[in-house]
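First comes one chain, alone, set out as structure tokens in the form predicted on its own.
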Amino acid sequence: MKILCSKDILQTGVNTVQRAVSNKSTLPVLQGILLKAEKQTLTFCATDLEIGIRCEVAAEITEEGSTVVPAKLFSEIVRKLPDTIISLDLNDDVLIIKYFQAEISLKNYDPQEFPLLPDLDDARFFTLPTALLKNMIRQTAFACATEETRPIFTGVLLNIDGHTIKMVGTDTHRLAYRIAEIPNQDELQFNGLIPSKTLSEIYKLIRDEDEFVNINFSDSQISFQFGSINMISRLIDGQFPNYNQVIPKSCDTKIYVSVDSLLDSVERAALIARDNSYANIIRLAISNRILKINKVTEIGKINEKLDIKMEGKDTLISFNAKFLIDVLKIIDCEDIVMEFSGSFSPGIIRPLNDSNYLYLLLPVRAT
């Protein structure tokens, strides 16, 4: 294998696929990046057996071949290379990296031991605008669980029925729901539970110039192709809960409040709420068109008041401040509607004049 390419080309490929490199596997080859030179294309691949990423870049190939480089060391070397044309020359299992009058020799892994990333080209497929997919990921994936004890809650439900797409994420303490219409798309059907880690990586990798994402899926796997990147991921096994059953159909109290004002107040209250007894819990008191946010702990106290529009009964309810902050940061409008049905029922947050997004938050019993 003999390759000539720029440092930028190498860095683009390495930075793209190293997100999928395994840090925990007992198989050394999974801690590497597969380099494959073929037909003037240099392909980078990495996988942790849960997700896999492939990235193709143009390069001058004088001899085809493949090898697996140790990901961490190779990425550090590439980052520190000078901005010039780099030569890669494979000699048995040693990769020789040449630049100017210098060279580095790097012992590699056997590419035959690297697991192949399956192609799902013959599977069922659909296409989504990247802007739509990124927005839906941003508004739902953050609500998923991070612990693997209950795997179905670490994934985002993606449901497509005809021209309607829904994404739902929950960790059982909160739930984020987003619905949209798919423009210029034939009717299709899909229902799968995608790891939130996969979607978060896709969100980071999609560029502004990538207009569409091609999505292929089978019964157990799904792939996302955009630009020069292809990411494949397993689908999570299991039955996603019936989220419609937990969304209240009515409320006793409804308030209208500025997103920025509420976010600022909650973030300040969260600073005081960091004590050992009721970590990060704040209380909302709603009465006479005033929203009071207060917290008293051993380190201090805070008392804030916000003017609001209000319908219905006075109420008092406590929430995890972080869960409130998370949603207020991703809502794309100036005002929200908050709906309550007492101190011990879920609260609902919606953007004003936008029925396509909903956030459900369970209250916390706190003194």
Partner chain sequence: MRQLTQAFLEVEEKLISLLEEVRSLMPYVQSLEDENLRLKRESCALPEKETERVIANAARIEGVAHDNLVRLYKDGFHVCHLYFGQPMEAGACLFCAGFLRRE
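These numbers were taken from a predicted model, which means no experiment stands behind them. Numbering follows the first chain given and starts at 1.
Form predicted together with the partner chain: not shown, discussed below.
Although the partner is absent here, Leu175 sits close enough that one of its heavy atoms falls within 4.5 Å of the partner chain in the predicted bound form. Interface membership of Ile152, defined by any non-hydrogen atom within 4.5 Å of the partner chain in the predicted bound form, is confirmed.
Proximity of Leu362 to the partner chain in the predicted bound form: non-hydrogen atoms within 4.5 Å are present. Under a 4.5 angstroms non-hydrogen atom cutoff, the partner chain in the predicted bound form has Pro241 among its neighbouring residues. Pro248 is the sole member of Pro82, Pro115, Pro248, Pro183 with a non-hydrogen atom lying within 4.5 angstroms of the partner chain in the predicted bound form. Between the options Asn230, Thr170, Thr130, Thr198, the residue in contact with the partner chain in the predicted bound form by a heavy atom within 4.5 angstroms is Thr170. Contact with the partner chain in the predicted bound form, judged as any non-hydrogen atom within 4.5 angstroms, is confined among 99-107, 289-297, 82-90, 152-160 to 152-160.
Contact annotation for 61-77: no residue has a non-hydrogen atom within 4.5 angstroms of the partner chain in the predicted bound form.
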